[in-house]
Ligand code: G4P
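As a starting point, one isolated chain is supplied in structure tokens, in the form predicted on its own.
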Amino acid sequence: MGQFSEEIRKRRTFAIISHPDAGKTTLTEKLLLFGGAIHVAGAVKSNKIKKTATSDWMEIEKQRGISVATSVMGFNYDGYKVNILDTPGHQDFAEDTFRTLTAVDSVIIVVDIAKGVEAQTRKLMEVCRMRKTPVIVFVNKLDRDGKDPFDLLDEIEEELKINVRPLSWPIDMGQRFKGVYNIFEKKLDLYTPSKQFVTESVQFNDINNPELEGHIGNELAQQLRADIELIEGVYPEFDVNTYLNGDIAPVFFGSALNNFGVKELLDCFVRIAPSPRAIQAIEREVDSEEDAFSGFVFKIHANMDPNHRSCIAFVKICSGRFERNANYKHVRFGKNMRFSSPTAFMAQKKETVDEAFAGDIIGLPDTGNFKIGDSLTGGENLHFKGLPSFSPEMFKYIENADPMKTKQLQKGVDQLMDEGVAQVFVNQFNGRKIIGTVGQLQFEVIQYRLLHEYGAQCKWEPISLYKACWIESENLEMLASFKKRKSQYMALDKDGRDVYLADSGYVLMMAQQDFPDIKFHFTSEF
């Protein structure tokens, strides 16, 4: 057992994922409220006050009401140190979310009772399944009418391909919503609309006790008993280990906006969720409780603070303890670096930290030393894998709209691309820059941020391309003839690797047939 084991076992690092509008940011905020990290919920909207959610701090997010960047927030609760990563639900930012999932130990999925499981959530669940990440489901918006809870559970099992086990159960919904029965703690939590907390919570070990009628009336009491009997009959006993192995997902019901069912979720979560786990590096498995420090960069964010033009590299600590001003090895450069002002986050407020432990996420000021996927260690050469850039599906030429601001545009594009918002390819035929993204919205975000953060104006010009693929081959002759034949469609990515820009699916298929020795890759990690 390492000397920091006790600290590390208190850590609970997780991401909240969902479809846009399922209420993810609201849930994040309510969790922060319980952690005492914020004192007023951003959802307070009246004519006089309008606070925006704590975790959405970029201008464009405030205007659009969606989370674009992943933000990191930490708080203490009940003796545990909880780190939340709020991810963008909007599918145009899926890539950011995929990367975030490499930095967490477990996940909470938010599902809207009315809409059920949506396409985006399915994709993210595949990543969790691949990595065996434990998942808890929170069914939100019970203060509105929605699907029958049993139907919804079937849908979750079918769509997300995971077994579920309800640990709380709703008593009616919508206008008639009475509360939930907390199966995990055997409690009855009654709901009163418009209140900001669980109004009354009654310990209720035996659901057949006739006192139940006194709380929720005859009809609902009978219904609840029938439901619970069905649950106990259909679903296996809840076992923490099956959850930790990623084989079963506990389900909670509530309404994040009305702050109902959130505390129950949090109480159960800190008890059963995994503390930081061992992480597989290319060289060996790294146990979180080892004494030596190690970590990797999973995200880079430009301009956390508009007054200082600096980037911040988000580092997930994989093992041991990180100390301020200590020397750590930057594995790709093979040299030591020290960090005098590492920060921890509370949404926008960041504070300098003296130490952090495995499971924590810290921000290191970055002047261009880091790329996504870089490792930092106490001296050992470790490489952490699994941080892909996906092949973009939308492309535009980026042009400078203001010749006086060429330098600003150049710098802005470089920094935003390092952040992994999108990818830049330089066409080798005409030297023009092409930006590739996974979604349309990213073009707007890039244009907006270039203007507001770098003072550079860009304009987009259409280009019709189908996919970008990284190519490599041991057959150098074939590679050379491919590049010659496709010279108009060859580009370099920001690391100088060859990328083939196929203009249609058919052309790509023919190229794969005509040049059998060339490997075409659709993620940058190969």
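Nothing here was measured: the structure is a model prediction, and the numbers come from that model. In case it trips you up, residue 1 is the first one in the sequence shown, and so on.
Same protein, other form: the form predicted together with this ligand, not shown, and the subject of what follows.
Of the listed positions (Ser294, Gln442, Asn83, Ser255), a single one reaches within 4.5 angstroms of this ligand by any non-hydrogen atom in the predicted complex, namely Ser255.
Remark: Arg144 counts among the residues lining this ligand in the predicted complex, judged by a heavy atom distance of 4.5 Å or less. At the 4.5 Å threshold, heavy atoms of Thr13 stay clear of this ligand in the predicted complex, well away from it. Proximity of Thr26 to this ligand in the predicted complex: non-hydrogen atoms within 4.5 Å are present. Although the partner is absent from this view, Asp21 contacts this ligand in the predicted complex, with a non-hydrogen atom inside 4.5 angstroms. Annotated contact segment (heavy atom within 4.5 Å of this ligand in the predicted complex): 136-144, selected among 395-403, 136-144, 283-291, 368-376.
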